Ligand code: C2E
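Shown below, as structure tokens, is a lone chain in the form predicted alone; questions about how it binds or moves come after it.
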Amino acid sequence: MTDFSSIRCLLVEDESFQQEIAVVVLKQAGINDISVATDGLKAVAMLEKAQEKGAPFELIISDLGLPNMDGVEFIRHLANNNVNSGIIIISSMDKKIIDTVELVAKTHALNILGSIEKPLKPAAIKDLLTNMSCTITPKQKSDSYSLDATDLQNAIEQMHIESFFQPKFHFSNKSVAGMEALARWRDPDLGFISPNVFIPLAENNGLISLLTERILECAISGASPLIAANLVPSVSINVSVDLLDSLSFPDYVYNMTRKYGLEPKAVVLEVTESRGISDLAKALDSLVRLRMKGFRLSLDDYGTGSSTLEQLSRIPFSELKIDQSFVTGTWEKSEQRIILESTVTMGRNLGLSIVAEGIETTEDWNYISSLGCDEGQGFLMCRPLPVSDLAPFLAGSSW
């Protein structure tokens, strides 16, 4: 059993009776260091004080119906201050309200472990805490610093940004289906810096091309020996739609693969659906040439943008990647189940390979598998790993 005794937990709950229940349940789960705030404002003050002392809370459990600052306002505060603690939402409100608040938190890129309807039950808390070690990430020291475009450009040029890889697995037999390259900024002084910080920084300051070139080469060079050794069949690499305006981009990617001895068919280029295409003619030119050269194209983050169906009808995608917001915990959310099931059916009818990201529990895996999805990835099977740690994992061939 995982040891949670060293976790510092902040419980935000104004009802004394519910506080007592929650504290008992948390102690039954093995958490001993528990602080209690009776409203959002007091919780904010306690968070700030803990941060100043260099001992931030690793777990925050918050009710929604709080005085002075309600649960949604509190979540907004956490997002605005880049809080990276694991978060559990608790409430006696309607389940759809709880689910929507959880979605709000995920939209803010907060580290949501899940939500629980009151009254709290030990089993429900334990289930979320069991997954805590694989969903909570180390505090990113850089959240307290102001980073600008110059910092990012220096990091790219000094090769502080690298590729980690997260394997994907076939639902049919749990074997490795491929892997996704994920950009990671590892600063020698600040530690890990979140992609939620540096990706928008790159897009808003004209550095996305430079960043993508760095990640492409890092991902392709790192994946090449693994693919040559038959440890993994392919690598998926995220490509910003901003790059598609460059008509030389297909040749650039092709030359990069040839440089490291990869066949284009071993590379999947993931186009993020949440950002709109500015120049459709140039984008279509680039995308169709990439397909003609043998690359596969994936529509990434499906369900988070505004022109999904239109893009699917115009662009020669070979894969549909469903965003984790429609995957994680969907098995217990009726409305999202309907959307997910319809999406899978549509994708299969279009002849696309269906990949689900954000699989965090066995229940997620079993439910998504039952829908007929082809591949899945998530913390349940494997966290993103540096290439040095990947070969031993892949040698096992299944999770």
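These numbers come from a predicted model, not from an experiment. One rule holds for the numbers: they count along the sequence shown, beginning at 1.
What follows is about the form predicted together with the named molecule, which we do not show.
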Residue stretch of 23-31, 352-360, 332-340, 58-66 approaching the named molecule in the predicted complex, non-hydrogen atom distance within 4.5 Å:
352-360
Just checking whether Arg184 would be counted as a contact of the named molecule in the predicted complex - the rule being heavy atoms within 4.5 angstroms.
yes
Contact flag, Pro195 vs the named molecule in the predicted complex, heavy atom cut 4.5 Å:
yes
Mark Thr100 yes when one of its heavy atoms lies within 4.5 Å of a heavy atom of the named molecule in the predicted complex, and no otherwise.
no
Test of understanding: in the predicted complex, would Glu270 fall inside 4.5 Å of the named molecule by heavy atoms?
yes
Answer key: of Ser286, Ser115, Ser85, Asn238, within 4.5 Å of the named molecule in the predicted complex (heavy atoms) is Asn238
Counting non-hydrogen atoms within 4.5 angstroms of the named molecule in the predicted complex, say which of Leu147, Ile156, Ala109, Ile199 makes the cut.
Ile199
